[in-house]
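Have a look below at one chain only, the form predicted alone, in structure tokens format.
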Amino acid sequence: MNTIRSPYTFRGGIHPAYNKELAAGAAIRELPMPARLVVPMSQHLGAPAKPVVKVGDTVKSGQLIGEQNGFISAAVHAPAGGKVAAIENTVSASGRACLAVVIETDGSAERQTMPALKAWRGVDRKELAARIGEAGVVGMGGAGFPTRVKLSPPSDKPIDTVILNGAECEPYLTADHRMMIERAGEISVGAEIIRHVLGAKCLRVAIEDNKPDAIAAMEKAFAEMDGDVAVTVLKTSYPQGSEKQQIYSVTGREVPRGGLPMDVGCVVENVSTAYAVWDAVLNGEPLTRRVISVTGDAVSEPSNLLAPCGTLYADLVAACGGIKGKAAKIISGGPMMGFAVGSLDVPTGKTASGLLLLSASRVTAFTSQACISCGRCVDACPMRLAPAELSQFIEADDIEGAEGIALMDCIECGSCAFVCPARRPLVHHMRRGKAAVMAKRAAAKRG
């Protein structure tokens, strides 16, 4: 195993103030089990899980409560033992309504797990992928793509390189950073399981150069691993953690427009996902909790909390000493790709990497102006799009025109809006346009 400083840097990108010092030094601590959990059936990309419990049932920690409901879907398990108090709609962090199982926890230590596969190297690769799916493991870097699907590429798309994503380029967030420092050994085993399942020759651990302590911890953890393994140090640049940009930064390969990482022989998995894979395979534990950064200048004690999925944001804030002064804005996730929320009565899920509370001094009020055609958004866009032109098509309700100039390639990273001097709501336009395209495609499928 060696360490490589990457010679590649993706085009575009920005350099916002990262503000990671607020929580980067805060060791992971376990959140006391809340009295009530609201466990969403949609904690992943694709079809929501289908509840397999009913109101009044008593459940054990780790018990299946939502079954996979389609190829692109993921199982959901109870994060704690208790009684099912309700099955009802809730509002997710993105603002969308979703079904949730409400559990009144009882403090029971009894857990329901799957058989541990300690000798995993001798287990059939398809069986390992199935175990990871049975455990409900999904991508924990943001998108929540079911890991089982990523580990089952078509036979005509062989994977030669696994990239372990430790970039965590989003400002303020430090959950993955702490995981690499404190759980490096487990992450390395999870990464090796992923490489084994895919039959990949190369394994690259991608970390930005602003995390020297994480680089050192991962170097030590991967030092004895056999084969073509390297820690790849990347230039700090947002959005370095985005799949396609990271593939280029690590390998120099460009994913074709409209293509997928497997089209260039790569699979990218988040470091926290690798930890969940380790836990599912070696311990038989389903994915029911994750580390979340609760940070910002309006929280009393910025922290990295290991919390059960379904914890309300209010319980996270209370565990961090409450709000300091007044929070002018609350964001689920980071400031670039997160969603503003109007209430702390919002449940966490498998993709909830952070909760950001900002005072008025960190929030800028502005009025959007007309585009001045300066081209800064074009320079910043890591996908080589023309955000200003796309925005104007969408404002004119010319969705077909926007689709024709690659609207669906937008990754909603926010780089364009960050540099726009006219303060155009470019990301909101892109999301509206993409939603219209998806609705049109769905209607066409229904005939």
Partner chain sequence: MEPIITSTLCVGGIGLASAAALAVAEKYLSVKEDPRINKVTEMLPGANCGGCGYAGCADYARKIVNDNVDLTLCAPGGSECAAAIAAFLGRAAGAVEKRVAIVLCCGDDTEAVRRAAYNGITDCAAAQATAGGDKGCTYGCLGYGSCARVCPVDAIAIVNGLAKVDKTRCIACGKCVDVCPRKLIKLVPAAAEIHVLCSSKDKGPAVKKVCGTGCIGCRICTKFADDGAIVMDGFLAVVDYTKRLTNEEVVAKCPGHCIRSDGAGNKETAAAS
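This one's a predicted model, so the numbers in the text were calculated from it and none came from an experiment. Numbering follows the first chain given and starts at 1.
Same protein, other form: the form predicted together with its partner chain, not shown, and the subject of what follows.
- Just one of M225, L312, A200, V341 comes within 4.5 Å of its partner chain in the model of the complex, counting any heavy atom, and that one is V341.
- The single contact residue among G95, G375, G325, G321, judged by any heavy atom lying within 4.5 Å of its partner chain in the model of the complex, is G95.
- Although the partner is absent here, H428 sits close enough that one of its heavy atoms falls within 4.5 Å of its partner chain in the model of the complex.
- Its partner chain in the model of the complex is not approached by K434, whose heavy atoms all lie more than 4.5 angstroms from it.
- Though the partner is left out of this view, K329 does reach within 4.5 Å of its partner chain in the model of the complex, counting heavy atoms only.
- Per the 4.5 Å heavy atom criterion, its partner chain in the model of the complex is contacted by stretch 342 to 350, the sole one of 294 to 302, 270 to 278, 124 to 132, 342 to 350.
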